[in-house]
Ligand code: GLU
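Heads up, the chain below is alone and in the form predicted on its own; it's given as C-alpha cells.
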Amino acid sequence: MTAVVTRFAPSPTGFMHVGGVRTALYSWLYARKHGGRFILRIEDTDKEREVAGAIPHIIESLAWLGIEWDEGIDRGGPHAPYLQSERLDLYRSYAHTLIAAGHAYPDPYTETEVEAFRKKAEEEKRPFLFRDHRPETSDTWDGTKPLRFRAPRIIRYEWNDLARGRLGAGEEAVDDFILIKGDGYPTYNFAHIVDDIEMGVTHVMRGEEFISSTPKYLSLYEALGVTPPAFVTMPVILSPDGKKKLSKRDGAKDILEYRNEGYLPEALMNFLALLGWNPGTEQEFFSKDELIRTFDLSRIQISGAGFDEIKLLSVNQHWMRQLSLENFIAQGGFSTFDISKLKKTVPLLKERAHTFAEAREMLSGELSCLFSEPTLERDRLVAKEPIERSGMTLSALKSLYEAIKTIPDGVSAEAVKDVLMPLANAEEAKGKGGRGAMLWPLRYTLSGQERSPDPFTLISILGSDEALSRIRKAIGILEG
C-alpha cells in the first residue's frame, strides 16, 4: 500500500485565515493518522500579489498551532527547494515534455486579440473557449510567450471525491489554459500538479472552489501519464448567520490574532477540526492525539460549516481549565501582578474567563481589588441600609469583623461562608434589610465595586488580615 503523503501549499498573499489553516489541519491529521508525511511548500508564483513577511507568518502560524511538517519550507527535505519561485527549471522541463508530446504550444495572440475573441463570444451568447481559436501550427516556444496546454476534446470527466463521492463535468470545463506565463512563472494550474507529482502527494485536501478546475487537472495528469492523487473537498466555512462565506467583514481574523487575544492553540485546533468534520459521537473536546486517532475522511461533511465564535470561546475556556496552575500563569501574560495573590486568583479566572485577554481584563477591572486596596464612599456603604434601621450597616460590619477574626488564612470560600452565613441568617430574621443589607456592605468594603466575586471568595483570596484591615477602614468612614 502506498504511503500517505499530504501537503499544504499556501500562497504568501496575505494573512492565514481559518479556511487555509483548516486545510492544513486536515491534511496533517490524515498524514499523522496513517503514519505518512506532511509537506509544507509555498506557491509564490504570483509575485504581484505577494505580501512581504507572509512566509514567516505562515511558518509561525502553523508552528503555534502545533502542526508540524516533515519536510518543506524552513526545514528542507528530499524534494527541496519548497519555494515555487526556486523550481522554475523543473516546470520548464515538464513544459518541454508536454510540447514534445504535442500537448502544449506557445500562445500566438496578444491580450487585445484574446479580449476580442472573448467579447465576440459574449455577443453571440456562447461560452468563450480558447481552444476554438487554437492555431493549426505553432512556432518553437522560446519562453517569451505564454505556453498553453492543448486540451483533449473529450465528452466528460468524472472522478471520485473522498468526501463528496462521484463528481463530474462536461467538456466545457476543459480548455487550453496557460501553463507558463510570459514572465517565465508557471500558473497555479500547472505548478501545483508538477510539485504534487515530484513530491509523491497521494491525497489533496482543497476547498470547493477547486471542483470546477478539477477537469483541467485531470487532463494534465492524463497528458503526463500520471495517476492523479485522491481529492478531498472540504465544506465552505460560513459566516455566523450561515448565509454566506466567512469574510473579514464577518469577523474572519488572522490566526495569530487569536493567539494575541489569549486563545490556546489546543482550543483552536479542537474548534477548527470540528468545523466541517463530525466524529460521529457526542464528544466535543479533543486533544491533538485524540484528533489524530479519530480523524476520518468519510466524516467530513458536505454542507457549509458555520463559524460560531461563542462556541470557540467555550472550547477555549475548557482548555484553559485543563492547564496546571503553573502553566496557566506562564501562558497568561500576568507578569505585572503579584504572584502570590495571582495563584489564589487562578481558580476564579478559570471559572470566569474564556480567554487570557479576558482574564487580564478582569484582573485590571472587577478583580483589581484583589491586588490593590479600593477607595470607599460612605453613601455606597449604606446604599442597602433600610431607612428605619439606621446604623445597621455599622453594626453588621462590626459583627462580621469579630467573626472574620476567627477565620485562619488559606481556608476555602465555603469555609468562610460557613462562618459568616449564620450572622447573615440571623440578620434576616430581624426584619427588613436582612442578608442583603449585611452582605452588600461587606462585598463593597472588600472590593470597592458593585460587581465582584462574592465576599466569601474575596476573603479566602485576600486572607483574614487584609479583609479585617479593609473592614476597619469602612468602620472608620461610618463612624467619622
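In this text the structure is predicted, and so the values were computed from the model without any measurement. Numbers for residues come from their place in the sequence shown, where the first is 1.
What comes next is about the form predicted in complex with the ligand, which is not displayed.
None of the heavy atoms of F285 is located within 4.5 Å of the ligand in the model of the complex.
Proximity of F210 to the ligand in the model of the complex falls within the 4.5 Å heavy atom cutoff. Looking at L264, you'd find every heavy atom of it more than 4.5 angstroms from the ligand in the model of the complex. Remark: F117 does not count among the residues lining the ligand in the model of the complex, judged by a heavy atom distance of 4.5 Å or less. Comparing 325 to 333, 266 to 274, 200 to 208, 234 to 242 against the ligand in the model of the complex, the single stretch with non-hydrogen atoms within 4.5 angstroms of it is 200 to 208.
Contact with the ligand in the model of the complex, defined as a heavy atom within 4.5 Å, holds for exactly one of E43, E50, E427, D70, namely E43.
Checking I461, A9, A467, V21 against the ligand in the model of the complex, a heavy atom within 4.5 Å turns up for just one residue: A9.
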